[in-house]
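What follows is a single chain, given as structure tokens, in the form predicted alone.
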Amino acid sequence: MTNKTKQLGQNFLIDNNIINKEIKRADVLESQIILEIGGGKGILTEALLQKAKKVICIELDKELFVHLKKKFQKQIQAKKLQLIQGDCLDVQIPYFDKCVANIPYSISSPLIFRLLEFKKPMYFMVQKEFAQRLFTKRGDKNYSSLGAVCSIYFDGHICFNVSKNVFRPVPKTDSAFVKLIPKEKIILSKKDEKKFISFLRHIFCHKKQNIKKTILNTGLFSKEKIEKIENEFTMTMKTYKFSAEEIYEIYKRLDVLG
């Protein structure tokens, strides 16, 4: 493995038993188009190809892309595998039914935010600590903007934990395989979606401050407008103690005030 690949945060899963467990938990069907982020050396890609109708694999590392292209030449020719070389945070992503991936840990958070727009089921291998943050609730010290956003869009949980010893090179921490299933109904209106998610991420940068102060820091709403709704909400409470739904109610009231 090159130094560049190490910089990309690639730790390769080498245990086929874990791969089979992932495929089973993700309930990959022969009618589905599966998106895989970070094909690596192709161990998960190969298993997905045996189950799915088609696999779309996005790989950033040029050496790994060449390796995958050579390894799966027949599947590419048969249009069973679509291989894309590039950054999954920037490239155009074709239609898919479900995402199943052992993602590079360094992009876990931005990747989930990127895939929100597709509102598709996602099954990821991520760092264990990151997985725990995904599902933290308000009031927990690890509650973050990511956890708040995920609670808006998804129902999910940790499917199983994975020892760091089944990866090469061995990472510093254990991993977890997580499931994120889109909710049928979300609290956000279409017009608010992008602005509110940006607002939510901004105020959680200082989540241990009271929500009045974190909202003021965004520059979106004046002190006078915030004071107008203080009798409706406990604006002196710390930001991380609010649910995403409660923060959205505050946002809507302030937005109405202009």
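Start at 1 and count along the sequence shown; that's the residue number. Owing to the predicted nature of the structure, the values given are computational and were not obtained by experimental measurement.
One more form of this protein, predicted in complex with S-adenosylmethionine (SAM), exists but is not displayed; see below.
Contact stretch among 187-195, 26-34, 221-229, 55-63 - heavy atom within 4.5 Å of S-adenosylmethionine (SAM) in the predicted bound form
The contacting stretch is 55-63.
What is the one choice in I103, V149, V162, L115 with a heavy atom within 4.5 Å of S-adenosylmethionine (SAM) in the predicted bound form?
None of the other options qualify; the answer is I103.
Just one of I93, I107, I76, I181 has a heavy atom within 4.5 Å of S-adenosylmethionine (SAM) in the predicted bound form. Which one?
Contact check passes for I107.
Is the gap between T239 and S-adenosylmethionine (SAM) in the predicted bound form 4.5 Å or less for some heavy atom pair?
It does not: once S-adenosylmethionine (SAM) is placed as it appears in the predicted bound form, T239 has no heavy atom within 4.5 Å of it.
M235: touches S-adenosylmethionine (SAM) in the predicted bound form, heavy atom cutoff 4.5 angstroms:
Residue-level check for M235: no, no contact with S-adenosylmethionine (SAM).
Indicate whether S-adenosylmethionine (SAM) has at least one heavy atom within 4.5 Å of a heavy atom of C88 in the predicted bound form.
Within the cut-off, so yes.
Given that the partner is absent here, does F12 sit within 4.5 Å of S-adenosylmethionine (SAM) in the predicted bound form, heavy atoms only?
F12: contacts S-adenosylmethionine (SAM) in the predicted bound form.
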